[in-house]
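One chain comes next, on its own, written as structure tokens: the form predicted alone.
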């Protein structure tokens, strides 16, 4: 094998690397490596002068491949591979040695970190010496997008994509779109009616010629890759034809089954056949099979008998619909942390202790009490209400370690709404500190404190319980050092936000990552905040992290713009670092077929065949094969062996 001429470039990254690693020593060590004909260090290799120095060195020294010892390849691999291409090299003969995240940032001892950086760089040199020139794989693009989740994030993303002329399939698991925003009374800081600003968008979605709305549906399976995903969607039967339904309520009036109303958070009841709320889209009733007395066989049938237009059809069956799309937006939203987890707050068993969304339904004109703030226990007006912030949030010992971001603001909103409904009432807010980062937010909180007379008490609540028809709240005011005891008519908990139920399953289905708190993980927190780690799948709204409505809408628009940019290209480029099969060694055992998480391998004539468009080069197949019959290009067994040898030398 002809020895290749390798160039090594070591980055100081300001002090990110240089503070812990002796960069000059790494550069000198690499200069003595076999095959290395050029070695250089630079303060900021990713800067314009730094990149130009790489290009010039490749040309001046007739380099065959390069190694950049710098930060994570997730950040700058494309940058330096583009430099190599500009200098006349094949871009896949450029390797990144990560000496920042994997070395400088995890060590304190400079000698140890420097020795490790040398080994990491040496292993990359060995790998680069056996890299092959590869060409990207051209992939056709399906000009259609899938949006999962019909809350404000999904609605905004779908409209933005559709308005750019791209077809959209909007999938929502509930019988209507709208999400949690439709449960709100008003929105901060302007106190707009949530229904007033969201309902027009819901109607626009239902009427948009480029949007196919699929409610009461769930994504079951996703295969393929960026530009060419194949999606299987289960559409559950509503047992009501929306084209025929007149929303007359005759069916619900005769239904004998009464169950808690999910839209009102259990504060009201509904029938087994129901419409979720007045502004529901689609505007049609749904028969809840889980609540119905029975459909197979039919045990009641009263709703069908009452329907004059014949809209009810008990013979509807689930449908599995297959769609091909080029990109996916995940906007599966949030749920509130369950009261049952908060034993010190009554564990959901104390009357008149509500969560934030339940209080919204009390304040809403379309809610449980038609806009009158009344105690659920006896329907009387509460004269003293305690609002408790950070319930389940910022508590790494027992609950959620993270700040849920919007609780300070929605508690201030709740206090203002309460004072509007009950002017002679008294509102207390227990808080740790106030986080009001947003346009007009601080002023909003100040108005709650000063103009509305809400009493803010800095401190935690230790316990609450029912006593003499009231809720006794025990807490401490840390500013005065005094214990506080309040007999409240009602308590409202600002519960933490957490990923919606089913987020874990959809993450597995889509093969995208989640962070330590269960939210969907972005590819890079600063540079790629709406991109998942899987190409072609984008994130929007509270599925990614807690956020308010303006931020959710902005992120949905950002995700939509990424989709539009992606699908506007005639073809996409797929990385050629994919698996290849040595037919002479393959026995057709199918172990690689089973191991592949992307379904990219199948058997033909008793031999494994790789679909290069689906393959992501993860190496699961290579690690599984007992005969070394399959390996990933530019990550061969020989390269891995030499990298290990270099590290152990």
Partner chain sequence: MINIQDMRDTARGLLTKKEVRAVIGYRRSTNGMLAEPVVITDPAQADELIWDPTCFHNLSLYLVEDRKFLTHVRKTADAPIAIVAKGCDARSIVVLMQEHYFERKDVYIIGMSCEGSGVLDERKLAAKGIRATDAAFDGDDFVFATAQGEQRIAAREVMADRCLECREPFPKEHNAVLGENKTGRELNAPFTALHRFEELDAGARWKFWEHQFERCIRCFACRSVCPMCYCEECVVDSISFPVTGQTSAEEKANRVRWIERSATRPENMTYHMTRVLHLAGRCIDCNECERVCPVNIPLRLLNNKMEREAREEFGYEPGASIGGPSLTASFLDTDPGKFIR
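The term rigid core refers to the maximal set of C-alpha atoms that superpose within 1.5 Å between the two forms. From a predicted model like this one, the values you see are computed outputs, not experimental measurements. Numbering follows the first chain given and starts at 1.
Keep in mind that the form predicted together with the partner chain is missing from the display, and what follows is about it.
Of the candidates 609, 55, 591, 46, 591 is the one whose heavy atoms come within 4.5 Å of the partner chain in the model of the complex; the others do not.
For the three residues 379, 467 and 472, a heavy atom within 4.5 Å of the partner chain turns up in the model of the complex in no case.
Within this chain, residue 585 lines the site of the partner chain in the model of the complex, having a heavy atom no more than 4.5 Å away.
Interface membership of residue 61, defined by any non-hydrogen atom within 4.5 Å of the partner chain in the model of the complex, is ruled out.
Of the heavy atoms in residue 637, some are within 4.5 Å of the partner chain in the model of the complex.
Residue contact check for residue 130: one or more of its heavy atoms lie within 4.5 Å of the partner chain in the model of the complex. Residues of 621-649 placing a heavy atom within 4.5 Å of the partner chain in the model of the complex, in sequence order: 624, 626, 627, 628, 637, 638, 641. Core-superposed comparison between this form and the one not shown: the CA of residue 70 stays below a 2 Å shift. Positional change of residue 26 between this form and the one not shown stays under 2 Å at the C-alpha, relative to the superposed core.
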